[in-house]
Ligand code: ATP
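One chain comes next, on its own, written out as C-alpha cells in the form predicted alone.
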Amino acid sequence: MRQSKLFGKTLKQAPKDEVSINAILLTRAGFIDKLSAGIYTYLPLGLRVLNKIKNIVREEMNAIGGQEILMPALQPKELWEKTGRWTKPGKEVMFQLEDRSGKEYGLGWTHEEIITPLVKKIVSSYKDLPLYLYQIQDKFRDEPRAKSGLLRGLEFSMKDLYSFHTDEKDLEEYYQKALKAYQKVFKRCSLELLVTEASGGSFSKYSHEFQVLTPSGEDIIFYCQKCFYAQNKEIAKFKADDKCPKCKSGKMAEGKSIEVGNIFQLKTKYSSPFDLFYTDQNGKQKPVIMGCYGIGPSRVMGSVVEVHHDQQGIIWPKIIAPYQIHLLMLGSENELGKKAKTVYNKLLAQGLEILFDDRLDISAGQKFADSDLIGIPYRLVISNKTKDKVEVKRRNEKEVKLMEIKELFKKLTSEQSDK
C-alpha cells in the first residue's frame, strides 16, 4: 500500500476529547476516527488490525468445533420478554425502539434470546448434540461511561460462542476446552492475562474473566504473585497481602485490569423459558444445557495498544500489525525512487505486507515520527546515505542495521514462512 494513497492521516497532537491511551494513539496514528462518544469508524489501517484479530479468534473457535453463523442485531421485544430481560437489564443497557407500526425492537447487546429459539428449530434429539455455534458481530450497549476508546463503546465488536449439551458433565468438559482456546487467542495477540474467577450470576456458581493487568484498567482484581490464581474484587473474600487460598504460599496482590473475554455456564437459564428440550436415548424429554463464551475483538485491539506502546507511539505485535514492513523513501524522486519502488515490488512479490511511504512533500523527520506512531514491526529506509543497502530497524528495538538487499529479502521471506 502506498502511503500517499492511504485514507487517513496522522495527527501531531492528541485529540482533546480523548483520555485513554488506546483512543489517543489509534486516533493520532490514523487507525480510527471518532464519530461520537463510544462510536468509532475503523479506517483502513484499523480495519486491517481488527480483521486479523477476528481471524485469530475464528481459527481458535473452529479448532474446538465451532460453526460460524451471523444473527440479526435488530431483535423483537417478545423474545426478550420470554426471559424477563426486556425490562431489566434491558431498559438499563439496551437501545430500544419502535418501527412505524409501533412494533418494538432492541439492538442486540447479547444473543441468548436469539440463538436459543433458533437452535430449537433444529435440535430435537440427543443425536443433534453437542452443538457449538458462534458469530462475530457488532453489539450495541447504552454505556454510561463511554470514555475509554475501544475498551468501552456504545457499538463494539464481539465474538459470542454458544454451546449446547445433553448434560452438565459434557458442558464442563467443553468449558475447559474453550478456556484453553481463549488462552491461545490472547497469547497469539501478545496479551498476558490472568484467568480470573468471577460471579456466575443467577445461573452458575462461577464464571471466568480473562483479565489483562494494566494501570489503565477499569476492573480491580486480586491475584497470587506465585501461582497467579485470581478473583474479581466483586466476589473476592480476601485482600492484598493475604495468603493465596489456592497455593497457600503466595501472597495476593491487587491490580487494575482490562477484561477482554468471559465464559459462563448458562445451564438451563435460557433453554427453560424457550422450551429447548431434546429426546434422550430412552425417549425422555430433557432440557438442553448451555454455555456462553465471549471475546471482544475491538477491546482486544484497544488492550494491545494499552499494553504495547511507548512515548513515540504504538508497538504492534507482528501477527496483528496492519502491515509487517514500513518502507520509507527519504529524498526526492528519480534514481532513489526507482530503487525504492524496486524493493517495494520485490517484497510484494514475496507475499509480504508493506506500507510504502512514498510521500514526496513530507520531511524525513516527520516520516520517522509517523512510522514510530503507526508502530509497524519493521522499518526499512532507502536514502542517499544507504547507497546500495537498506537501513533496517525493528520497532521495539533501538539498533539500526545496514543490510544488502539480497540479505534483507532472505531474512524477511524466511520470517514470513515461519509465521
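Don't overthink the numbering: it's just position in the shown sequence, from 1. As the structure is a prediction and not an experimental result, all values here were calculated from the model.
Unshown form predicted together with this ligand; subsequent notes refer to it.
- Contact between Tyr174 and this ligand in the predicted complex is not found at the 4.5 Å heavy atom cutoff.
- In the predicted complex, Glu113 stays away from this ligand, with no heavy atom inside 4.5 Å.
- Among heavy atoms of Phe156, some come within 4.5 Å of this ligand in the predicted complex.
- Interface membership of Asn262, defined by any non-hydrogen atom within 4.5 Å of this ligand in the predicted complex, is confirmed.
- The stretch in contact with this ligand in the predicted complex, judged by heavy atoms within 4.5 Å, is 140 to 148, chosen from 276 to 284, 75 to 83, 238 to 246, 140 to 148.
- This chain lacks the partner; the member of Gly291, Gly108, Gly296, Pro322 within 4.5 angstroms of this ligand in the predicted complex by a non-hydrogen atom is Gly296.
- When this ligand is considered in the predicted complex, only one residue from Arg152, Arg188, Lys267, Lys339 comes within 4.5 Å through any heavy atom, namely Arg152.
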